[in-house]
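To begin, one chain is listed below as C-alpha cells, in the form predicted alone.
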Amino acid sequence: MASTERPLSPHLQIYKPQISSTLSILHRATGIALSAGTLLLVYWLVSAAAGPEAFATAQGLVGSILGRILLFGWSFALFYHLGNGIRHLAWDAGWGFELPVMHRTGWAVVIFAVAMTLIAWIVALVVLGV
C-alpha cells in the first residue's frame, strides 16, 4: 500500500469550533432539553389532575430556585429551537448558505433567543407577578 502525505483530521485540541458547528450542536442540545422540559410540564399537569396535595408538591418544585432555573433554561431552549428552526426552513428553500449570511443569521438566532427569553421572563415576573 502506498503511503500518502495527506494530513489527518484535526485533533480536538487543535480544532477551532466554528459558529455553524457550535449552533448545530446547540440546536440538538436544545431539542433534548425541550424533551426533558416537556416531561416536567407533563408532571405538573398530571399533578394538577391528581389532587391538591400532588399539585402543591409540583408547584413547590417548579417554584423553587432549581425549578425556576430549569424553566428559564427550557424557555431559552424553546426560543433558540424556534429561531434556528426558521433558519433551517430558509435553508430548505435554498437561501442562506453563503458564509456571511450563515454567520449573520446564526448570530441573529442567538440574539433572538436571548432577547425573547428575557422579555418572556420580565413579562412573567413584572407584569404577571409570577
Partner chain sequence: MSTASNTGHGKASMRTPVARARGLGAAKEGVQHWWAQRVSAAALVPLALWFVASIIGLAGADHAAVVEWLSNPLVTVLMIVLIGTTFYHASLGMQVVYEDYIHTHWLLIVVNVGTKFLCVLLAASAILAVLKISLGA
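Please read these numbers as outputs of a predicted model, since none were measured by experiment. Positions refer to the first chain, counted from 1.
What follows is about the form predicted in complex with its partner chain, which we do not show.
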Does residue 98 reach its partner chain in the predicted bound form, with heavy atoms at most 4.5 Å apart? no
Since only the chain is shown here, I'm wondering whether residue 127 would be in contact with its partner chain in the predicted bound form (any heavy atom pair within 4.5 Å). yes
Would residue 74 count as a contact of its partner chain in the predicted bound form, using a 4.5 angstroms cut-off between non-hydrogen atoms? yes
Report whether the minimum heavy atom distance between residue 79 and its partner chain in the predicted bound form is within 4.5 Å. yes
In the predicted bound form, which residues of 25 to 47 put a heavy atom within 4.5 Å of its partner chain? 28, 32, 35, 38, 39, 41, 42, 44, 45, 46
